[in-house]
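In structure tokens, one chain follows: the form predicted on its own.
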């Protein structure tokens, strides 16, 4: 048999294809289950403090997880991601105060405004590498913060938006009702996390990991690195703005602190607490951060020192976030059990 005949008779290679649908269905089922559990909490406990805590977790969890799309998945350490949290709060608050449009319209309008701002800022920032990217994002955040402080006639300056945010009912939902606000915040949290999970597990998410590990090689094999970075920068900004809108609804206002550099620092801190290699690490970090902040602030005025010690413990002691540590510990135990098995 000649080589040509051999080639004709040979069976074509079957390239195994990974079917992502089972994983996607499982994520959707987990999301429904998580929302059902959160919706049942008010019936089981009925504590206003608990509902407040969950609403704040929703705002900070969306913000921190969106930051991890940049830090953990793409290797872009942003010191200015908090500007989109502040833009979401101010954009939504101003739209409700000045225009009186229905809440869904203000929600979509705020996302559209954030998208435009993120495209402009991202197109500049993602061209830069590492520390330059971090500092330029910080510079844009300080620019937006200074604008908020200076434009008193619109933003209220250092006093923030005054008079509260109108929350007219829509489709039978009244967000001035605390329970309705809680359910809406939980729904936004679950939907946001589900969407970010799908992004992280998609081919685009794995492209981001490749860019994080070796951007030069990714560019060499034909990936448009700049476009991929800009896309994830804009997507992360939209989720951060959603967190800002939840916070604006919760406090019925918007304040310059929402757009200050410290909110970005808190986002980095939350990711360090929870971990950046597991998807739910930032969410766990957000809960830990709020518990720590509330507890330590109540016990001592030196809460900054205590939080600093906690950071040192995670950075020097564990050298990873809590979820990263737990996942690695379970993997080691599973590996050890496998070696002992006959």
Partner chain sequence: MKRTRKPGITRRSTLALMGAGAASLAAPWVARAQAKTIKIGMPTILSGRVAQLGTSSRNAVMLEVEKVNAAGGLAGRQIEMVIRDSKGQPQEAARIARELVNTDGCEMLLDGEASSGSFAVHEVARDLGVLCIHTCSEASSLTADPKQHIPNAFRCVRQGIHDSIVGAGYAAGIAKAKGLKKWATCSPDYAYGRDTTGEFVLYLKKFAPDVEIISESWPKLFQPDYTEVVTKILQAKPQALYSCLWGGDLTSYIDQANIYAMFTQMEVFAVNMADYTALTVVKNLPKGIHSGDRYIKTFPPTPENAAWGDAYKAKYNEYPTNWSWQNATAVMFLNEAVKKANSTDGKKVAEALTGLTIKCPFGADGTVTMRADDHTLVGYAIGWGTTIPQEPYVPDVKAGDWKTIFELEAEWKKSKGYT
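Positions refer to the first chain, counted from 1. The structure presented is a predicted model; accordingly, all values stated were derived computationally and were not measured.
This next part talks about the form predicted in complex with its partner chain, which is not shown.
K.L.:
Does at least one non-hydrogen atom of residue 164 fall within 4.5 angstroms of its partner chain in the predicted bound form?
P.N.:
Output for residue 164 is yes: heavy atoms within 4.5 Å of its partner chain.
K.L.:
Taking heavy atoms only, is residue 233 within 4.5 angstroms of its partner chain in the predicted bound form?
P.N.:
Residue-level check for residue 233: no, no contact with its partner chain.
K.L.:
For residue 263, is any heavy atom within 4.5 Å of its partner chain in the predicted bound form, or not?
P.N.:
Residue 263: yes, in contact with its partner chain in the predicted bound form.
K.L.:
Indicate whether residue 198 is a 4.5 Å heavy atom neighbour of its partner chain in the predicted bound form.
P.N.:
Result no; residue 198 lies far from its partner chain in the predicted bound form.
K.L.:
Is its partner chain in the predicted bound form near all of 24, 213 and 229, within 4.5 Å of a heavy atom of each?
P.N.:
No, the whole trio is out of contact, none within 4.5 Å by any heavy atom.
K.L.:
Quick check for you: of 199-207, 68-76, 112-120, 246-254, which stretch puts a non-hydrogen atom within 4.5 Å of its partner chain in the predicted bound form?
P.N.:
Checking each option against the 4.5 Å cut-off leaves 246-254.
K.L.:
Heavy atom within 4.5 Å of its partner chain in the predicted bound form: which of 158, 130, 224, 174?
P.N.:
Looking at the other structure, the residue within range turns out to be 158.
K.L.:
Judged by heavy atom distances of 4.5 Å or less, which residues of 46-73 approach its partner chain in the predicted bound form?
P.N.:
In sequence order, 48, 49, 52, 56, 60 come within 4.5 Å of the partner.
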